[in-house]
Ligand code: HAM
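Just the one chain here, laid out as C-alpha cells, in the form predicted alone.
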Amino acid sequence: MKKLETAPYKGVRDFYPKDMTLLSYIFSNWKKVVESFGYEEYSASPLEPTELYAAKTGEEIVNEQTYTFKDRGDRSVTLRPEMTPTVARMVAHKENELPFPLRWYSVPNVFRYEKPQKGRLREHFQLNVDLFGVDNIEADVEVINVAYSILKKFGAKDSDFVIKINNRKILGALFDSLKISKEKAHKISKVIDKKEKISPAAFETAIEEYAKGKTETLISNLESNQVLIQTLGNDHGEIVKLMKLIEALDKEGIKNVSFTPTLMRGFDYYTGIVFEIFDTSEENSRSLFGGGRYNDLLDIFGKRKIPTIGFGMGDVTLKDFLETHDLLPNYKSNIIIHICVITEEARDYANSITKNLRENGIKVSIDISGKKISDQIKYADKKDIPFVICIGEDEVENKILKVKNIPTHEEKEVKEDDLVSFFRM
C-alpha cells in the first residue's frame, strides 16, 4: 500500500499553534480597526455558481485561476477566488430589507489556482471591507482611511508604504480623446494592468497591437501626470474629483498618496476610483493589497444600482510586509501557567488549584504525563509558558505555592488564597 504524503497540498498551508497565534493576531487587529469604523461582520459559503464570477470578475481569473468543477447535480461550481461577487449577491438578495448605507466586513479564505511564489499562494485569508449605498468622496475617504489605519495599527510608518490611486474613468476619457474603441480600450486596460510585470519593450509592443500608431501618445500620458492632465484639461470632471479626494485624504493625515494613471486593478467590475497599497522597501517592493469603487456589480442580478467601494487585504502579503519592516510580534503562548505534579498523592490538590485558576479566567495546563519534574519544567519551557507551579506534599500541607518565572528564573512563594490576584496583577 502506497504511503500517503504528510506535506500539505501545493500552495496551501498547515497552521501549527505558533502559526495560528500569528494568524489570530492579524485577525484581531483587522477586526479591531474595522469595527472601530462601525463595520459589521458577515460570512458565506466558499462555494458559488461559476456564472457569478464569469459575469463580472474577468475571463482570465475564471478560466485560468479558479478551482471550478461539476457537482453531483452536474452544476458548475467554483471555490471563491475573491469575496466581492459573493457580498454583492448577498446584498442583492435582501436589498429591500437592508438599511443603507451598509458597512460590512468579512475574513474569508479564498482560492486561486496559480503558481505559488512569495506573497502569493493558492489559498489565503483575506479581510474584505465594503461600504454600500454612498457615492461620494466621503465614502472613498473612509474606506481608504480604514486601509491606512490597519497598517498603522500594525506599527507601520507612512514611509513604509505608499497608496497609489487612480480613477478608471480618467483612462476612459483618455481612450475617448484618442478615439480608441471600447473593445480595444478594454484589451489595452488589461495590458496596462500588467505593466510592472513585463519589460518596457514588451509593454510597448502589446499596446501597439491595439493602439495602432497612437502608442507613443498613449504611453506618454500614462507615464506623466502632467501630460495626462494637460491632455484632458485640469478642469476635467474626473480629474477634479480625484484631486479633491487626494486633498480630503491629506486633511485626514493620509499624505503618502500618489496619483498613478497606470493603476488599473485586475477585476472587470471596478467602475471608478481604484487604489493599491505598495511596500516601499526594496526588499519587498510589491503590491500589498487594494480595492476600488464598483457601482454596477448588482446589475448582473437585475437589481438597482447600489454604489459601493471596498478593498481586500490578504494575510500572506501582510505577513511579508510585517516581516520586512520588523513588525512581527514575538511569539507568546496563550497558556500562562503550567502545573507540575510531583507526586500522585498531590494530584487532587493540583487539580483543585487548576480548576480555581480556570474559573477565574486564567489559562492553565496541568501535567498528565507522569514524567519526572525536570521534564515537566522543560516541557513548559519549550511551550513558551512563562510560569510553572510544582505541587507536592509540602504544597498540599502548607497551602503555599512556589511560582517560578521561567524566562527570568525568579521564584516567589504565594499563598493559595492570593494565587488568582497574583496572576491578575
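Because the structure is a prediction, the values reported are computed rather than measured. Each residue number is its position in the shown sequence, starting from 1.
This next part talks about the form predicted in complex with this ligand, which is not shown.
- With this ligand omitted here, the record of contacts in the predicted bound form names 289 to 297 of 173 to 181, 346 to 354, 289 to 297, 233 to 241, defined by a heavy atom within 4.5 Å.
- For Gly310, a non-hydrogen atom is located within 4.5 Å of this ligand in the predicted bound form, even though that partner is not displayed.
- Contact annotation: Asn166 falls outside 4.5 Å of this ligand in the predicted bound form, judged by heavy atom distances.
- Proximity of Glu114 to this ligand in the predicted bound form: non-hydrogen atoms within 4.5 Å are present.
- Heavy atoms of Thr84 reach within 4.5 Å of this ligand in the predicted bound form, making it an interface residue.
- Of the candidates Gly314, Pro108, Gly272, Pro261, Gly314 is the one whose heavy atoms come within 4.5 Å of this ligand in the predicted bound form; the others do not.
- Though this ligand is absent from this view, in the predicted bound form it lies within 4.5 Å of a heavy atom of just one residue from His124, Lys319, Arg103, His325, which is His124.
- Contact residues in stretch 180 to 219 (any heavy atom within 4.5 Å of this ligand, taken in the predicted bound form) are absent; none meets the cut-off.
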